[in-house]
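Heads up, the chain below is alone and in the form predicted alone; it's given as C-alpha cells.
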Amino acid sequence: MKGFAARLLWSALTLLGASLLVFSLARAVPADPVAVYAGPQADAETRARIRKEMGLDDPFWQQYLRYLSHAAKGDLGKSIVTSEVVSEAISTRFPTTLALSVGGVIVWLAVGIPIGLLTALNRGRRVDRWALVVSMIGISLPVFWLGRMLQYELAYRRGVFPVAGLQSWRHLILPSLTLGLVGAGYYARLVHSSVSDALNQDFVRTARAKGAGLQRVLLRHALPNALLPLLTVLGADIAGLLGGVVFTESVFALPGMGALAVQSVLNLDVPMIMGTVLFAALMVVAANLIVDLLYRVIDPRIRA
C-alpha cells in the first residue's frame, strides 16, 4: 500500500508539472487569444475589455492558480473559436479514439504475439529471417500511406469497408487494421526477443529436464516471464494512442482526439490545446499506474 500511495503521489506531481509546463508554453505562443476571440475587426477598447474579462492582465501565477483550481473541478474552459466547452469536446471525441485504439491494439497482439512465438521457436531458420524482413517493412511503413493504400484497395475498388467517416462500427475496421499492421511488426520482434531470452533461462531448462513438453514450457514458463517488457511498451503505446491518433484519424476522417488537437492548433485555440495536452498527460499517468498494478499480478516477485 505504501508503494502504491507513493506512486499516486508521484502521478499527481507529474500531472501538476505537466499542467505548469503546458500553461507556460501556451502563454509563450506568439498568438494573442484575445485577437482570435474578438476577431480582426475589433478595436483596441474592445480588446482591452475582453482581455480584462478573461483575466489575461493578471500576474502569471494568479492565472495559473485560477486555471488549476478550475481544472481540478473538471472545468478546462471554453474554446475561444467555437465557444465549445473543452471538457465536453474531449468527452464527445474520446470514445472514437478509444474504439480505434482498442481495435489497433487487438490487431497488434493478435498478429504480433503468434509471429513472435513462432520465430522464437525457430530462431535462425528461414521463417525467422523472413518474419524479420516483413516486420521491418511493416514498422517502416508510414501510417498515412498504408491507410491510403488500404482505403483505395478495400474501400474504393472493392467496397468491402466504408471509405471514411464514422456512422457504424464497420467504419472502424479499416482504420484499426491500418493502425494495427504498422505496430504488429514491432510487437512480433519484441515478443521474439523476450521469449528467446526466457527460453535460455535455467528454470526453462530445468522444466524441460523434468520432462515438460515444449508447449507447456512455452505457455506456462517462458511466455509469462516475457510479458513484463511487452506490458511496459504496450502501456506506453496505449497511452499515446488514447491521447489522439492523428494520422489515422485524419486519413479516415474520424472525429477523435487527434483531429481535435490538430484543429485546435491550426485555429490557435489555446484553451482547447491545453485541454487536449493535459488529457493526453492524464492518459500517460493512468497507463503507468495500471502497468504497475499488472506487474504485481503477473510477477509475484514484484509483490514481495
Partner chain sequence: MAHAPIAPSDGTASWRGLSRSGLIRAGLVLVFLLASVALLAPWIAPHSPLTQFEAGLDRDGMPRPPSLRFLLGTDSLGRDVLSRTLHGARISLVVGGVAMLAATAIGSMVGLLSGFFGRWVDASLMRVTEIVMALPALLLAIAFAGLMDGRVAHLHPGFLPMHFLDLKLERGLVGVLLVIGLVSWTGAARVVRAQVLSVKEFEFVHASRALGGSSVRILFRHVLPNVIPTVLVLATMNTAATIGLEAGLSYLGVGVPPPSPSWGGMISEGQPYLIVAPWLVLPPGLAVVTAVVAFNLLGQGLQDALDPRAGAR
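Bear in mind the structure is a predicted one, so any value in this text is a computation, not a measurement. Residue numbers count along the first chain shown, from 1.
Here the subject shifts to the form predicted in complex with its partner chain, a form of this protein not shown in this document.
The partner is not drawn, yet in the predicted bound form one stretch among 185-193, 165-173, 99-107, 71-79 has residues with heavy atoms inside 4.5 Å of its partner chain: 185-193. Only one of the listed residues (Pro224, Gly124, Pro95, Gly159) places a non-hydrogen atom within 4.5 angstroms of its partner chain in the predicted bound form, and that residue is Gly124. Out of the listed residues Ala48, Leu65, Leu56, Leu266, Leu266 is the one that sits within 4.5 Å of its partner chain in the predicted bound form by at least one heavy atom.
Proximity of Phe60, Glu88 and Leu234 to its partner chain in the predicted bound form is absent: no residue of the three has a non-hydrogen atom within 4.5 angstroms. The closest non-hydrogen atom of Thr206 lies beyond 4.5 Å of its partner chain in the predicted bound form.
When contacts are judged by a 4.5 Å heavy atom cut-off, Ile273 counts as touching its partner chain in the predicted bound form. A residue is said to contact a partner when one of its heavy atoms sits within 4.5 Å of a partner heavy atom; Val262 meets this definition for its partner chain in the predicted bound form.
Contact check for Leu254: no non-hydrogen atom falls within 4.5 Å of its partner chain in the predicted bound form.
Contact residues in stretch 79-97 (any heavy atom within 4.5 Å of its partner chain, taken in the predicted bound form) are absent; none meets the cut-off.
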